[in-house]
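In structure tokens, the next block holds one chain alone, the form predicted alone.
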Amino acid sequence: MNNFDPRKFETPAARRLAGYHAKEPVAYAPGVLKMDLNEAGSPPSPRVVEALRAALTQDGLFNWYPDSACTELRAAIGRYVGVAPDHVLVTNGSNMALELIARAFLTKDDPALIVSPTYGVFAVQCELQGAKIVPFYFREVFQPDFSELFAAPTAKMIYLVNPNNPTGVGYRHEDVEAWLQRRPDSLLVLDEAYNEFYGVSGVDLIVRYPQLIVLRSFSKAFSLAGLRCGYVVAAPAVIEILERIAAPWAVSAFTQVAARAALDDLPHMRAMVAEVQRAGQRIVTGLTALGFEARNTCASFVLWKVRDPAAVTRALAARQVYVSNKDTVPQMKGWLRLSVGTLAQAEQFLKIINELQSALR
């Protein structure tokens, strides 16, 4: 074996990069409460399962490349969000979309304003491009005042999640539009992964503000996190740029079938969203009744404040309840994030908290 050292070849940006490290997977088993990664707590529509089973019998599904343009899915997404297909790009999860956007529009030392605390992958993609990250924090993390954001430094790109993760705060449509009016020369990446739970979208603004790029996901409300499907909604000129640098055949045939079937059963999705909202309120009410501080959010999770988040996280994991500890995130000291699933799962969670409450204080 020679002394070859690949570190001699890595780029300076890769050398500096800490990366985004996903948590170790939790094996599915009855009774496990997986409340750490904001996945859906229930399966997708039965139509998705039926469509996938039918697809298994189709010749060419596995031995031929999938439709690289995702033609049928793209049109279905367009109908769902109210735009023409040329305003849509389907990606292998919204993480792929973030990579394409950074590669297409950011170069060394370009300023990128990230409204924080928020999803860590934004910073990873900016760092790989050598962009200059400018984090921005509202003074009141749960009561954002956009007048503060309007005073932020000018940037080539701004990243805004609506509703935000991990705070769960939803931003007003008029505030997003006011930003676009004030910064016509800045790209706004508006991540709407939790839009179905919030209902306030910026998609309608694209026709007037072509600097707006909206991201959506099938991972949350459509229960398809394991199949990796996201999409970009933007002006056709933006989509054309992203298409040029996207890898071909990035979205599998299986994923396209599943996402298309999910859009054919919007009542199922909406019923699931309504149950998540009821379950979230049930968790908050239950925790509050036990004397804890808890916050409902505009997304598919609730926040729970505890004295020792690390100890509570360990105690819950011992009971096969997995939550996300946000204690070390700026402005989130003491908070745990709890992904919300079904009402039955909410009751199961509260039962365990009742049993452990003396050890959790």
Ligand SMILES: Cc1ncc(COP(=O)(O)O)c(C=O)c1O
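Note that residue numbering follows the sequence shown and begins at 1. Keep in mind it's a predicted model, so treat the numbers as computed, not measured.
A second form of this protein, the form predicted in complex with this ligand, is not displayed here; the remarks below concern that form.
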- Region of this chain that lies against this ligand in the predicted bound form, out of 106-114, 146-154, 91-99, 250-258 [heavy atom, 4.5 Å]: 91-99
- Is Y194 a contact residue for this ligand in the predicted bound form, using a 4.5 Å heavy atom cut-off? yes
- Query: Quick one: is R228 in contact with this ligand in the predicted bound form, heavy atoms, 4.5 Å cut-off?
  - Reply: yes
- Query: Does this ligand get within 4.5 angstroms of any non-hydrogen atom of Y198 in the predicted bound form?
  - Reply: no
- Does this ligand get within 4.5 angstroms of any non-hydrogen atom of Y119 in the predicted bound form? yes
- Item | Answer option from V161, I77, I283, I213, heavy atom within 4.5 Å of this ligand in the predicted bound form | V161
- Query: Heavy atom within 4.5 Å of this ligand in the predicted bound form: which of A317, A55, V49, L37?
  - Reply: L37
